[in-house]
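The chain below stands alone and is given in structure tokens; this is the form predicted alone.
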Amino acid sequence: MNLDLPVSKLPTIGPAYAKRLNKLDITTLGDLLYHVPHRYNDFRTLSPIREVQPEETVTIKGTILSIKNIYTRYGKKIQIGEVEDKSGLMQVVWFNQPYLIKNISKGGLYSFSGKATLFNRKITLMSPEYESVEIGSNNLHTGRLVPIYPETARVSSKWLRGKIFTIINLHKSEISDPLPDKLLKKLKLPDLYSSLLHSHFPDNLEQAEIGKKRLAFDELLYHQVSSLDKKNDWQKVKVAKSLNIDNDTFDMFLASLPFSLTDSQKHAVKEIFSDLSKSYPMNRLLEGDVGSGKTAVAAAAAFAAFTEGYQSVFMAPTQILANQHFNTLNTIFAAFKVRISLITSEGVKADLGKSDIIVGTHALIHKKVKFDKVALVVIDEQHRFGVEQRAHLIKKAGDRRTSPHVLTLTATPIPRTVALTFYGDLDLSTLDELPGGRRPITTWIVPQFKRNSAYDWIKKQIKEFKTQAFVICPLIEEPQIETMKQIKAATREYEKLTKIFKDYHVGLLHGKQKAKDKNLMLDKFSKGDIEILVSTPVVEVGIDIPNATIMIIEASERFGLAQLHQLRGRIGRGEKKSYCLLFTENTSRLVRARLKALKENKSGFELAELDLKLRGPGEIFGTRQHGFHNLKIANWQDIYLIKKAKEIAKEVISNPNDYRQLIAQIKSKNIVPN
């Protein structure tokens, strides 16, 4: 059986079910097999009916004597059945599932698993799992460790269980293992078929853990091999221009700066300069905390290209950030005749003649921009672009035979284990210290009962110190979903704050506004015409307002720690004392612990590591990222497995003939590293 076949090849899976499964990232038979349970219901205790006790989770087997719908006075339906075995009678009850009357036949032998409780003064199994059984047959949904899967609308764990069981049992001989027996013995891992069987249908929890460990290793290995393979392919590409950089060039650049570089900035520049002199293109990721000076490091690389007569291209995800880079680079290169142009959807801002540095948004890809002798491409916040968008810009800046050097930047603090796994095709530089002169930001947790006092304090700060404030909300419009009604929407908050701060000017900024309106609002805020700016996390990157010293974050528990840290980094850029107020109505111990960690910790990398342990990688990158692949099975805390997968991946790349089946399988999956 070819596990790369679409799931629609399974009987009874038509277009409708295929579409639902796609929401679970299941498109092939292999995806279905690797959709592992997130927990198991323990229904292994088989009990005679007479011995069942209240609050006990048990499985009973018996004959259905009767089953019927009972209507309540409010029009709801209750399904009540009576089951008999040799020891006695028992009641089974469901709510609002009238179809069960047709599914469960009177006189049939069934197995029921669930929790016993008192109902109408009788011991009853409430909403039990059930299945028809034959004497001597094995159960799938009852009487065992029953797998419970991540689900979506109209795709239940019971349905998934049945389909996965069908594949594993009917196609056992066709599930071949891509890893050699010798390697499995070395790693003390089971074969693929046993791992799949025991992950889904274990006899005990230890068996399930061992099975999942093997599947987790496969997942990590696939990504590591793909990354290394891509890195090898990249190093075969001919560079557009190998730059010969001497110490005098670097010293000239350093002397021109209106500030001193940190040690980590200097180290990153040296790594980049080394890459620029190689015969193949640089492909490096520069990650650094908010305000750590990534743009200055990228500017050093652009200066190296400029001194040899070549262009550099900077692409930013938003017009706000593109404008910020344009202004920053003009400041950095004020002492040199570096011509910098800005290209966005609004138009082109450029001097006459050839541009040495071109800064822009997606417009760099879509507009008819003629690049001439591009040696360097800088992509900021690369995870906000799709893989194809990045590739298109690089291709456009190079030609059919060569590629420019590529430097990607991110202000998202990424734990090293994550970076090494998913950015394995890139070389990594890290800025782990902040430039001198940045004042520490005081962070407070503000519960609901202190909200009005906080507003009074903000009014006093704005009035006395002529300062400004950000107010950040998670969503743009009031959500309609009942369970999310407590999230503060920016539009609603804006209306509320215009009344609370009626003596001040309040502005609104969000991602759905036109670029022109966004820029106008930011310009007003920058000039001080607006004291309070209500915004969605669109301000997370790229906005630098030194006079803004107050950051209020509504529903702060809804954000990951790394994102909260990035938002906090938008203040503390001037001479005045800055404050971050974390508003929350949630009183849970976990929420308090997370927010307290932000209050006490100033390092984005340490916060990212903490959030990884507490809430997983989705909280580091957010749900909006294009280029990041979440792990479905593997665990980020399993450092040993990550390191072992990287070690074996190097072996696979070095000895491809020994791993032909594995390489073929990985290529068929079309895994695209970042």
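Note that residue numbering begins at 1 and tracks the sequence as displayed. Predicted model, so just to flag it, every value in this text is computed and none were measured.
The same protein also exists as the form predicted together with a small molecule; that form is not shown, yet it is the one meant from here on.
Under a 4.5 angstroms non-hydrogen atom cutoff, the small molecule in the predicted bound form lacks E388 among its neighbouring residues. The small molecule in the predicted bound form comes within 4.5 Å of a heavy atom belonging to P435. Proximity of L285 to the small molecule in the predicted bound form: non-hydrogen atoms within 4.5 Å are absent; the residue sits far from the partner.
Among heavy atoms of L364, none comes within 4.5 Å of the small molecule in the predicted bound form. Proximity to the small molecule in the predicted bound form, defined as a heavy atom within 4.5 Å, holds among Q311, T318, S556, Q265 only for Q265. In summary, among the residues F259, F336, Y280, F95, the only one with a non-hydrogen atom within 4.5 Å of the small molecule in the predicted bound form is F259. Of the candidate stretches 450 to 458, 168 to 176, 288 to 296, 517 to 525, only 288 to 296 contains residues with a heavy atom within 4.5 Å of the small molecule in the predicted bound form.
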